[in-house]
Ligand SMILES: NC(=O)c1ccc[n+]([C@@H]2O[C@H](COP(=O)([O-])OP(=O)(O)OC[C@H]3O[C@@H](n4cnc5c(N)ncnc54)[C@H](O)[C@@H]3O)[C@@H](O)[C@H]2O)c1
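Just the one chain here, the form predicted on its own, laid out as structure tokens.
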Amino acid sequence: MQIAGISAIVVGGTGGLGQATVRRLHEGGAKVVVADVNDEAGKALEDELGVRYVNTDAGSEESVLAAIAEAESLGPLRVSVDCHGGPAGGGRLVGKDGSPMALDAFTKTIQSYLTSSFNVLRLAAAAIAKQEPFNDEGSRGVIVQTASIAGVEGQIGQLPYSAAKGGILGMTLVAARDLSPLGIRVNTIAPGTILTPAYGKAGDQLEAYWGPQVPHPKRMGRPVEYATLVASIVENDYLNGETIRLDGALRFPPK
């Protein structure tokens, strides 16, 4: 599928991964809707690039549908990328004082990352399914989810986050199989340690800590590398049902 001329929605589009993806798709000629909750950053992207910004709560059906409708107004919706963030509760399953992890620390993280990702997945899939195929193979579009290598090898204290991201990994192949008759591909990117502008000055400390642990290249990842992978997924019509690690061969240690 060619990027030029398509309509795309990027949920979490004002964040580090999201902004890089918005820029890459826009540069490729896509008509992009930035769906997020950071109005200042969203409107800045709108002014700079000419993309559309819609204040969007990934966990709200009404909110996501509004963003999808905006994307559909620009042309046939072919691409949905979800890289939204949120609060991630953590801590050990049983604390040093013998108390169990609070239930809401788990449920809020699952809601923020897994349930909201499912919400975007189901609504984007239904919207893309309404579009006319763009080739004689019946292809209609592609959905890109964002997990984490923590979903495979979560560290001590990451149980809620690891469970949420592991859930996204688990949805990938099933969703791809569910949507295959509709000509919709589903793939997931599982980033390792990515250095985003959100870290600010703390980014130097993170780079110094994580960089030497990455086999090659010995540095944290860059948002543009995530965006480049998104573009590759969009353009490669045979890539379906896959989770792709983007981590420089890093494997998280226990802590």
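Sequential numbering from 1, following the sequence displayed. Here the structure is a predicted model, which is why all the values come from computation and not from measurement.
Keep in mind the form predicted in complex with the named molecule is missing from the figure; the text below concerns it.
Proximity of F134, G138 and R185 to the named molecule in the model of the complex is absent: no residue of the three has a non-hydrogen atom within 4.5 angstroms. By the criterion of a heavy atom within 4.5 Å, E70 is excluded from the residues contacting the named molecule in the model of the complex. Within 4.5 Å of some heavy atom of the named molecule in the model of the complex lies at least one heavy atom of G85. Among residues of the shown chain, E207 is not one whose heavy atoms approach the named molecule to within 4.5 Å in the model of the complex. Although the partner is absent here, N38 is a contact residue: one of its heavy atoms lies within 4.5 angstroms of the named molecule in the model of the complex. For the options T146, N119, T109, S162, the residue carrying a heavy atom within 4.5 angstroms of the named molecule in the model of the complex is T146. Contact with the named molecule in the model of the complex, judged as any non-hydrogen atom within 4.5 angstroms, is confined among 211-219, 23-31, 43-51, 198-206 to 198-206. In the model of the complex, the named molecule lies within 4.5 angstroms of at least one heavy atom of each of the following residues of 183-197: P191, G192, T193, I194, T196, in sequence order.
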